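Heads up, the chain below is alone and in the form predicted alone; it's given as structure tokens.
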Amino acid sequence: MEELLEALKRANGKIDYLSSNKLVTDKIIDSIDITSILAELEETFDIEISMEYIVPENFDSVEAMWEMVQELKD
């Protein structure tokens, strides 16, 4: 999980990712942030995030992103 938090900080260090479970829903992150997050996650975890995973539910919280990463790594 620490590696995920570091990747998120690299994507946009101004966001407090742990403060909300509705990052997309509450518009804390936008499409530009998601694009940066996607790039960081793919590089950090050596995964490919296909379009089917690019839904708000997978980016609304750190926990949701972590679950997605774990699923794609398996």
Partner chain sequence: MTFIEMQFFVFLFAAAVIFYICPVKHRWKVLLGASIVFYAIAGIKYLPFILFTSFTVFLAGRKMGHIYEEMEQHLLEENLDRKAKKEIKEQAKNRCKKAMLAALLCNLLILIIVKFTKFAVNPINDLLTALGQEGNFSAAYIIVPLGISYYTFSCLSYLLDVYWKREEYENNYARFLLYAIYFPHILQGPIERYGRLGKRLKGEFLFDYDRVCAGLQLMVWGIFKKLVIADRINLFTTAVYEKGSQAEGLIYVFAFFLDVVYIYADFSGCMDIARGASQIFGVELDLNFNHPFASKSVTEFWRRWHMSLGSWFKDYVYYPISTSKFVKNVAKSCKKHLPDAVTRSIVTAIPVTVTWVATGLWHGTGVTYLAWGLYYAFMIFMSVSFGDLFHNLALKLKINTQCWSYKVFQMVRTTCIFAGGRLLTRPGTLGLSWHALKSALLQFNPWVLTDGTLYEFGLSRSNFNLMLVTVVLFGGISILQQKGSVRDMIAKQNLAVRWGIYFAAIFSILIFGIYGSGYDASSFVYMAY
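Positions refer to the first chain, counted from 1. Note that the coordinates shown come from a computational prediction; the quantities given were computed from them, not determined experimentally.
One more form of this protein should be noted, the form predicted in complex with the partner chain, which is absent from this view; the next part is about it.
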**Q.** Heavy atom distance at most 4.5 Å to the partner chain in the model of the complex, all of Met1, Leu5 and Asn21
**A.** no
Q: Answer with yes or no whether Met65 is in contact with the partner chain in the model of the complex, where contact means some heavy atom within 4.5 Å.
A: no
Q) Which residues from 11-33 come close to the partner chain in the model of the complex, meaning a heavy atom within 4.5 Å? A) Ala11, Lys14, Lys27, Asp30, Ser31, Ile32
